[in-house]
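This document starts with one chain, in the form predicted alone, laid out as structure tokens.
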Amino acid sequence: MYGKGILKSLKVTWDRFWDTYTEDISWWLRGKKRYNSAEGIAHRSSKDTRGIFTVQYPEEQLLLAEEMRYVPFLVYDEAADGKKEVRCTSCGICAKVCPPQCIWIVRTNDPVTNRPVPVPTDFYIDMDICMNCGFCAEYCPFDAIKMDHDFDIAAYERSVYNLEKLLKPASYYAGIRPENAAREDEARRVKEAAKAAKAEAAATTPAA
């Protein structure tokens, strides 16, 4: 029959239209929010959803997986006195492994000895060039650079982030990647405990 395919496609649209209202009423009767709630967004993103399944961006946003990665950021630990203890030592490994070469580091030198100090004076990442590969975070030996979940960074001008804009606290990292942060903290504790035990053993060993 001529036009049968068109009728089938219209039926799909019609069914989806009415399923949206029946699902909305069902959720309302159960006292749940189908929109603007984590549960509702997760259900509409699943294979079991009926009716509308689109997310009303930007009022709603898809729930991101922990391993989702976008642009990098630098981690700092919050000291008791409120001072930012930047983990980065400006070793330059991240800049060396970066495929598009979008990372620039300005090292700090001691004004007296002119020797390098393990703290960056400034740190630049050109977000327009960054390909979000995550190599910088993977190869960093100090867990100082991580991949962010923030993807709402569209701008009219060139997006070159400096040290001030890249820095985020360790608590932020633990919030977006709780499992990874917990594993890294445990590994760090084990390493520090082993180091302390080795130092204690060396101190108690009598000199020959």
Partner chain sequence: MAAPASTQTVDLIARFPGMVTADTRPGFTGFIVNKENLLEVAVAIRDEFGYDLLTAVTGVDYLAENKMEVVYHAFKTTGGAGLIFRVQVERVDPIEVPSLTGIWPGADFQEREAWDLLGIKFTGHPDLRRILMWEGYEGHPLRKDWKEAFYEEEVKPFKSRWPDGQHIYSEFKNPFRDNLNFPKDFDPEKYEPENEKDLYASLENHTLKGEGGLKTDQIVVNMGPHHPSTHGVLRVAVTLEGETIMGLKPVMGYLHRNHDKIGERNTYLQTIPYTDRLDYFNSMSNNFGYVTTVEKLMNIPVAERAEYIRVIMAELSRIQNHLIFIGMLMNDLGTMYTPSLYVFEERELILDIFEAVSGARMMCNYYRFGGVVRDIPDDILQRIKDLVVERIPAKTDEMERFLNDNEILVGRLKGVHLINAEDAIKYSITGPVLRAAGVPYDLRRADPYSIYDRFDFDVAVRYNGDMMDNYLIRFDEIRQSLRIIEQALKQIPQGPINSQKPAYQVRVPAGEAYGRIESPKGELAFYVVSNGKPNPYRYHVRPASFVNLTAIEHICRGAKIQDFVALLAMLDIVMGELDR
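Owing to the predicted nature of the structure, the values given are computational and were not obtained by experimental measurement. Residue numbers count along the first chain shown, from 1.
What follows is about the form predicted together with its partner chain, which we do not show.
Participant: Is A79 one of the residues lying within 4.5 Å of its partner chain in the predicted complex, judged by heavy atom distances?
Facilitator: A79: no contact with its partner chain in the predicted complex.
Participant: Does D110 make contact with its partner chain in the predicted complex, using a 4.5 Å heavy atom cut-off?
Facilitator: Flag for D110 set to no.
Participant: With a cut-off of 4.5 Å between heavy atoms, is F53 one of the residues that contacts its partner chain in the predicted complex?
Facilitator: Answer yes; at least one heavy atom of F53 falls within 4.5 Å of its partner chain in the predicted complex.
Participant: Any chance R30 has a heavy atom within 4.5 Å of its partner chain in the predicted complex?
Facilitator: Taking the distances in the predicted complex, the answer for R30 is no, it never comes within 4.5 Å of its partner chain.
Participant: Pick from V190, V12, I25, A197: which has a non-hydrogen atom within 4.5 Å of its partner chain in the predicted complex?
Facilitator: The residue from V190, V12, I25, A197 that makes the contact is V12.
Participant: Using a 4.5 Å cut-off on any heavy atom, which residues of 139 to 175 would contact its partner chain in the predicted complex?
Facilitator: Contacting residues: Y139, R158, V160.
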